[in-house]
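Just the one chain here, laid out as C-alpha cells, in the form predicted alone.
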C-alpha cells in the first residue's frame, strides 16, 4: 500500500471517528442494559453519558487535526461546532430522561442506546458532503426516533405517535432518495458541492430535472425540521411521544435537518431557491405562531412553537454567508437550552403518566414551587425573544443577517410574528404566577422532583441567561464554524471538479 493511500485511509478513519465512537458507545450501553441486574440500572445512563463525553473528545481532537475532505464526509469547523451542539443536546437529554424513565417504568437500556444512535445519525448528516451519506445519516437519525416515539407501549397515544411519524417519515425518505437520483442524473455527481458547482459551470441549474431533484431533497429536509406545509405530523407526534423523547426530537432532529440544509444551500447555485426558501420561512413563521395561540396542551403549544422557530432558523439559511450560518448555529444552541428547559419543567409538572399537560393545570404552581415558576418564566421569556435572554440575541443575529443579505421584508414579518409569540408564551407564565389553583381544573400539577432534575433545570436557566449576557464569545465560536463551511466547499471543488472546458461535454447527452 502506497503512502498516499495510507494517508487517505487515516483521514477517513479520523473523519468517521466521532460518529463511530457514539454508535459503538450505544451498542455497549444496549448490551449492558440488557444484562445488568435491576439494582444496577442506574449505571446505564452513566454509561451513556460517558460515551457521549468520549465522542465529544474525539470530535474536538479530529477538528484540531485540520483534516481535508475525505470520502463522503468532511471534518471541518462547521462539523465540529454542529457535532458539539448535538452532543450537548444528547447529554442534556440523558440527564432530563433519568427521572422521567424511572417514573414511567421505561427504564430499559435500549432507550439510551436508541437515543445515542439517533444522535450519531444527526452528526453524520452534518458531516456529509455527499447525498448518499446524508441519506444514511437521515435514516440513522429517523429509525431510532420511530421506536422512541412509541416507547411507552402501554399508552395508545404513544403508539399512534410512532405510527404517524413512521408513515410520514417513510415518505420523506423516499423523496430524498428520488431527489438525489434526479440531481445525479442532471449533474453526474452525488457530491453536494460538486453537483451544485457543476450546474453553474454547465448552465444546467434551471433544467427541470435538477430543479425537481433539488425540490424533492428540500421537501425531505423540510419534513425533518417541520417547515410549513410539511409540519402536519409535529403536534400529534410531540403530544403522543414520551416527553423526554419529544424534547430530544424537538432539538436534535431539527439541528440535523438544518445542518444538512446549510450544506446543500451553501453548495447550490446562487439564487436557485431563494424565492422558495423565502416563502417557506414566511409561511412557517406565520402558521406556527397563529396555531400556537389557540393551544391549551403545553406539548402541542411547544410543538407549534418549534415550527415557528424553524421559520426563523430558515432565515439564516436563506441569508447564507458567514453571518447567516453563524446566526443559525448560535440560535440552535440557544434554542436547545430553552427548549430542553421548558420540557424539563413539563416533565416535573405533568406527574406520573403525563396527566397534567393542560396549561390550566398549572394555575398558581409558582406559589407552591418558586423554582419551577422562575425557571419556566425564564424559558418562556427566552422563547418569546425578550432581552436579556438567549432567545433575544439569537433572533437579533438572525434578523441582522437577513437584513444584510437583502431581505428586509421577511425580517419585518419575522418581528411581527415574534410579537404574536409573546402572547402565548406569557400566557403560561401568567397562569403559573397570577391565577389561583382550581380543584376542578383537571389533574393537579406536580412540584416534587429528584435533586438531579432540579439541578438540571437550574443549570439550563443559567445557560439561557449566560448565552444572552455573554453572547459575543459564543458568536465568535459559531463564526469559526460558518467559515469552515465555506473553506470546505472551496477545497472540495479544487480536489474533485473537472476542468471547466470539459464540464459541458460531461453533462450533455442522455446516454449516461
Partner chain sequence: MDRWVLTVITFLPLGLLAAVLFVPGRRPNVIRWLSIAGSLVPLALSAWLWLDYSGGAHGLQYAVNRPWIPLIGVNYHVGADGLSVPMIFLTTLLTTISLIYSLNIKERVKEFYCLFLLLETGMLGVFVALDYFLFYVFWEVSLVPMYFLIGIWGGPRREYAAIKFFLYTLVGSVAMLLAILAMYFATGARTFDIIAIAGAQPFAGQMALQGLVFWALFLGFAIKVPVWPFHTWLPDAHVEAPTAGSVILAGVLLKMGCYGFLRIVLPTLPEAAQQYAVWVAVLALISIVYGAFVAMAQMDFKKLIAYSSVNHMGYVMLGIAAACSLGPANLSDRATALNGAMLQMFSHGVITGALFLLVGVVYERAHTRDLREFGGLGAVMAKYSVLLWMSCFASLGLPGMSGFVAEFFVFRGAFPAYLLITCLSMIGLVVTAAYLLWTIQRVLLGPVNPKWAGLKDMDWREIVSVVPLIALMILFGVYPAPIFRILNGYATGLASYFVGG
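Numbering follows the first chain given and starts at 1. The structure presented is a predicted model; accordingly, all values stated were derived computationally and were not measured.
Omitted here: the form predicted in complex with its partner chain. The next part is about that form.
> If we define contact as a non-hydrogen atom of the residue within 4.5 angstroms of the partner, is residue 462 a contact of its partner chain in the predicted bound form?
Residue 462 lies outside the contact set for its partner chain.
> Please run the contact check for residue 171 against its partner chain in the predicted bound form: heavy atoms, 4.5 angstroms, yes or no?
Residue 171: no, not in contact with its partner chain in the predicted bound form.
> Find out whether any non-hydrogen atom of residue 366 is located within 4.5 angstroms of its partner chain in the predicted bound form, and reply yes or no.
Yes, residue 366 is a contact residue.
> Using 4.5 Å between non-hydrogen atoms, is residue 453 touching its partner chain in the predicted bound form?
Because no heavy atom of residue 453 falls inside 4.5 Å of its partner chain in the predicted bound form, the answer is no.
> For a quick test of understanding: in the predicted bound form, does each of 392, 404 and 430 have a heavy atom within 4.5 Å of its partner chain?
Spot residues vs its partner chain: full contact, yes.
> Heavy atom within 4.5 Å of its partner chain in the predicted bound form: which of 211, 386, 88, 166?
Looking at 211, 386, 88, 166 one by one, just 386 meets the 4.5 Å heavy-atom criterion.
> Quick check on this chain: which one of 77, 295, 435, 219 has a heavy atom within 4.5 Å of its partner chain in the predicted bound form?
Checked against the cut-off, the match is 435.
> Report the stretch among 92-100, 220-228, 281-289, 374-382 that approaches its partner chain in the predicted bound form to within 4.5 Å, counting heavy atoms only.
Among the listed stretches, the partner-contacting one is 374-382.
> Since the partner is left out here, which residues of 398-426 would have a heavy atom within 4.5 Å of its partner chain in the predicted bound form?
Counting only heavy atoms within 4.5 Å of its partner chain in the predicted bound form, the contacting residues of 398-426 are 399, 400, 403, 404, 411, 412, 415, 419, 422, 423, 426.
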